[in-house]
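Below: one protein chain in two forms, given as structure tokens, structure 1 then structure 2.
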Structure 1
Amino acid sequence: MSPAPRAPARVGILGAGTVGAALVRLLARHPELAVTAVLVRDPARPRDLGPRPPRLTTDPDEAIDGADIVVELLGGVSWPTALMARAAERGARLVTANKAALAEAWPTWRPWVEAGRVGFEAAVMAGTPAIGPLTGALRGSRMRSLEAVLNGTCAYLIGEMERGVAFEAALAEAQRLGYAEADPSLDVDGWDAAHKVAIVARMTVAPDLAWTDVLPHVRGVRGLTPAGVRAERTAGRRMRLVAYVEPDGAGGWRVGVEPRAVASDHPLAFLADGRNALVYRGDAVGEVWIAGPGAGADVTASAVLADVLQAARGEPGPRPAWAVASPLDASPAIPGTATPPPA
């Protein structure tokens, strides 16, 4: 006798903007996943939701209730965190691309993350894997330092300024490409990269890092000009908005973001416009580079979908490299999916 077919895992989605709509389109390829409902602000707004458009709602509970997995793609900090708390209370697995919420509301998210209940690969470098390698293959080494370009909007802006394009014109194009945050000052003032590097630091070496520890060390790209960026290039350097996790000289870590002119043989110098890159330096492994697209609708939805598939299989989400000895989440298995592996 063949086994009874599994019921599809139920996925509630909060947000169908740039990333949420792309996720809905990709989900059409996955009949094993059924969308409960999608929370939006304005259901009448035209949007491309592909061949299996789900029900849109303005009531968060319609998306959360009965969902095995809740995906948050709203943006913001307090309200999305409160909605995810509601989803967690109801036993759902959580997936988010929201680095602002993870960075600024870490005390709320931390227990869920440590329990392996949250997928958030998309929050750092979008579809290019970063959280997975940092909490997986690289945890056999002790991190010495990390430098990264984590904001696609600023990477694009700097590339355009090297070609002589004015700041405002380059930003408008980054917005059109779907790279920029709804509030682009988060990008250009360095906050988005700071959100991401705070997450990276906590998942690798600094679990107790407070958001207020990062704030004094954040500078964005507003002070850059096409002339200044081009002058660095003429001098054999490339301007980059660099997010860093570095020893502070007192046994701790300094975590921040600032424009740096990197030498032409620095790994971050080779980056194509708009892309992200991360340079990890570990005691045993040495220097490891990870690079790829770090923003945009499909690029981000690709990582969100991967996290949804992982949750639907009952596999735990990434857990901090320093917490590998703690027990796995004891929450019940998702109906219709595999039993979580033993700790």
Structure 2
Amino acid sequence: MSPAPRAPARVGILGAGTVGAALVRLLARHPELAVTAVLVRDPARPRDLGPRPPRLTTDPDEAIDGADIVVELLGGVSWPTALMARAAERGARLVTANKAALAEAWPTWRPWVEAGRVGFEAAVMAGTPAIGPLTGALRGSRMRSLEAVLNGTCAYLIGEMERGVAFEAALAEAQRLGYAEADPSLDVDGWDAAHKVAIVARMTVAPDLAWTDVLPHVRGVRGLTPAGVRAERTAGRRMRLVAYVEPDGAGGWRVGVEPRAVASDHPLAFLADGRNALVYRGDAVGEVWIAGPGAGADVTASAVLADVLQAARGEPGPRPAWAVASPLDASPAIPGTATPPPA
């Protein structure tokens, strides 16, 4: 006698912007998942939600109540975290792409993450897997260091400066093309990448890392000039905005973001515009390079959907490092990198 078919997992969605709308369209492919309601600010706003759009609501409780899985795609920190706390209290599994909330409100999120109740693959490199490998196969090694390019806007700006375009002109063009927001500070001042690398550090070596520990080590690309960037290229190096987790020389870890000139044979030197990459160095596995698209509605929604499917199967989400790991090498210097000279 065959088992009775299982009822679809009920999914509540908070937010229907570009990523939320893309997620709704992808969910339509999965009859084992049923969207209960989608929280929006303006139900009358035109959206492409596919041929069978779900119910829209301005009441968070309508999206949360009765949902087995609650997906948060609102952005921001305080309000989304409060809504996810409400969902957690009601027994839902949580999925988010919200790097700012995970980075800045870690004390609230940490118990849920430690319990395996949160999926957040999309929060670091969108649809390119980073959290999965770092908390899976790579846990067989002890980490020596990690470097990453995690912000496509800054990669575009540096590429334009290599071609001789002034920073302000490159930024204006990035805004025209939709690569940068009207207020670009989150990207160009390094905060977007800092949010992401804080998550990475907690999941790998420093579960107790506070957001305030990261703040002094965040520097963006505003100080770069075409002359300085091109001089590095002439010298055989490439400028990159590098997010890093590395030994601090005193038995701990330094986590931050800064422009660095990487050697021509460094994996990050080969990175094309618009792509993210992460270079992990471990004692047993050596150097592992993960690269792929790090932005885009469909790209991000695909990772969110993967987390939803994992939750629907009852599989736990990624968990942080069990304890603070001691660096194997007390030296903060990473082979193949150089701190750029002042612009």
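As the structure is a computational prediction, the values presented were derived from the model and not from experiment. Throughout, residue numbering runs from 1 along the sequence of structure 1. Rigid core (definition): largest C-alpha set, two forms, superposition within 1.5 Å.
J.: Quick one: identify the form predicted alone, either 1 or 2.
T.: Note: form predicted alone is structure 2; the other is not.
J.: At a 2 Å cut-off on C-alpha positions, does Trp109 qualify as shifted between the two structures after fitting the rigid core?
T.: It does not reach a 2 Å shift.
J.: Core aligned, does the CA of Gly91 move at least 2 Å between the two structures?
T.: Shift at Gly91: below 2 Å after core fit.
J.: Relative to the superposed rigid core, does Glu173 relocate between the two structures - that is, does its Cα move 2 Å or more?
T.: Yes; Glu173 is a residue whose C-alpha shifts (by 2 Å or more) between the two structures when the cores are overlaid.
J.: Where the core is superposed, what shift in Å does the CA of Ala227 undergo between the two structures?
T.: With the rigid core fitted, the alpha carbon of Ala227 is displaced 4.0 Å between the two structures.
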